[in-house]
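Only one chain is shown below, in structure tokens, and it's the form predicted alone.
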């Protein structure tokens, strides 16, 4: 995917109306790519929400049938077999004490952040494999590598997505299809306003959760812009042999170097301290 082919790519970006997804859609559209972006309800997008030249399709990853319906629509448009790049960006951010997370909330999170992206990837792979060319980018989170208290479900979902991607890369690279994971750290996207939060009334974890969220939101407000993550994703798309893993933001790659050098328990304490928690 180098040279003149770069501008001819057909790309599907899930969650392409805000944050990282929107920044990626803007960057790729500016490079001349054919960009398809998904939204849970594209009919409600205002003109200001839409990027000129980008087509919008419906996808709700919390719906178990969502990926298959989208694939059927792509097939009807003649695009399913010719898709060059899939960027699995859409997801839910969730917080809450491990003890108090509702089972249905965890299930929805995994449908949205893991099962949906995995299924969508399965549906576009036959065309990529047949053409011996393709890119699948999983947008993860550094919390997959550095889990945080009261973010257990989100950390676990992103870790699962990365494991799927790592194994799939080994299977698919012989066919010219490259799977990569991009793990952003703190990104200034306003995602804290959309995060689903769970905390029982009178919970013994209230002070801990409140402190963690205050630090988490402050870190995100001071994080790097979404455009920097988008640039990393574009690099993974156009590289002749993209890496399996990219980290961006939160002073990466320093945390990963420390993770190799320091005992695991000490790294966990450092992560907690950065969010106001003493362990």
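None of these values were measured; they are calculated from a predicted model. Numbering follows the first chain given and starts at 1.
The same protein has a further form, the form predicted together with a small molecule, not shown here; the description that follows concerns it.
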Task: Contacting member of 114, 137, 120, 187, with respect to the small molecule in the predicted bound form [4.5 Å, heavy atom] - done: 187
TODO: Could you work out which of 61, 70, 236, 33 is the residue within 4.5 angstroms of the small molecule in the predicted bound form, going by heavy atoms?
DONE: 61
- [ ] Evaluate residue 209 for contact with the small molecule in the predicted bound form, applying a 4.5 angstroms cut-off between non-hydrogen atoms, and reply yes or no.
- [x] no
- [ ] May I ask you to state whether residue 194 is within 4.5 Å of the small molecule in the predicted bound form, using heavy atom distances?
- [x] yes
TODO: Using the partner position in the predicted bound form, report whether residue 220 sits within 4.5 Å of the small molecule, counting heavy atoms only.
DONE: yes
Open item on the list: At 4.5 Å between heavy atoms, is residue 232 in contact with the small molecule in the predicted bound form?
Closed with: no
Open item on the list: Within 4.5 angstroms, counting heavy atoms, which one of the listed stretches 138-146, 200-208, 173-181, 79-87 is next to the small molecule in the predicted bound form?
Closed with: 138-146
Task: Site test, 16, 19 and 158 vs the small molecule in the predicted bound form, non-hydrogen atom cutoff 4.5 Å - done: yes
